[in-house]
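Here you get one chain, nothing else, as structure tokens; it is the form predicted alone.
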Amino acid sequence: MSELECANVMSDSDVLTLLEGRIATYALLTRLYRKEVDEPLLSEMRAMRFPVNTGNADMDAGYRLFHTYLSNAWERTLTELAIDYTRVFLGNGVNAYSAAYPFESVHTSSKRLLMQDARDEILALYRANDIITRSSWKVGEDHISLELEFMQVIGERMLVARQKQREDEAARLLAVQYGFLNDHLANWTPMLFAEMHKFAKTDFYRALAFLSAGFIATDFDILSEWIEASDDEHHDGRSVPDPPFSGE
């Protein structure tokens, strides 16, 4: 049974476990997009046990490629990955099409420019949710690593609200995550992932593109199911599978 099929037939403890898994995956993806792989991260990933059958073909392909690539790591793996990170995400600067630039503005503006409307919208959302930009950020707020981190942080808050049985707050945070995925991450990242496949020379970054696409699609489906279940319970008075956040 896939994660989506399981999402609405879970006990409270199972829901918390799923929330923890979502947070962990967002955290991993955030780190992988933020900068090149270093020795601690490489060692950590080599020790990971990747799922075999998630129910999503892209996620399965991503995990499989990660496993194969990491199993064959050698003394120049870090150098190889650093070169590929630069090739995929930074390019040669010749034009706006020389890399898979990981900014929402690039993929939603007609001239593929940085710091466009998408960045302003994202910054407003961060501020509205009490997420303060840090001086350590060296990239625009619509960089994929920061958008993924936003989902991670809101997910952490959702988990705490659920643990403390603050259902109204959990329901509000669920709506924030769903809206952010719908309006932003799920909207522009398919274009990014397609470009990553075009520019990547290592299976590591092909794996990242597959895993990201599959995870975001699956997470969006899960949040959609939970939103729908909560709406049905509130507005129609029907009996539905236990939604994780009833808002009551």
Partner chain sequence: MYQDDHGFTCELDYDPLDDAGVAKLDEEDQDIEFIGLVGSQKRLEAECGDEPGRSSEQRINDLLSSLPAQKKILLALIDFCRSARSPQEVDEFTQAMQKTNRSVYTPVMLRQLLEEAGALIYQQDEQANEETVAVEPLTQQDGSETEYLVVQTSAQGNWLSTPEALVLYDALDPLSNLKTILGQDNEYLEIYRRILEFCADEPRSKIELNVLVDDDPLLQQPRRYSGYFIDRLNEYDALAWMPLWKTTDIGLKVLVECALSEGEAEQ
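A quick note: this is a predicted structure, and the numbers were derived from the prediction, not measured. Numbering follows the first chain given and starts at 1.
Keep in mind the form predicted in complex with the partner chain is missing from the figure; the text below concerns it.
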Heavy atoms, 4.5 Å, the partner chain in the predicted complex: which of 29-37, 177-185, 214-222, 65-73 makes the cut? Say which one. 65-73
Though the partner chain is not shown, can you say which of Leu192, Ala207, Met45, Ala200 has a heavy atom within 4.5 Å of it in the predicted complex? Met45
Flag Pro51 as yes or no: does it have a non-hydrogen atom within 4.5 angstroms of any non-hydrogen atom of the partner chain in the predicted complex? yes
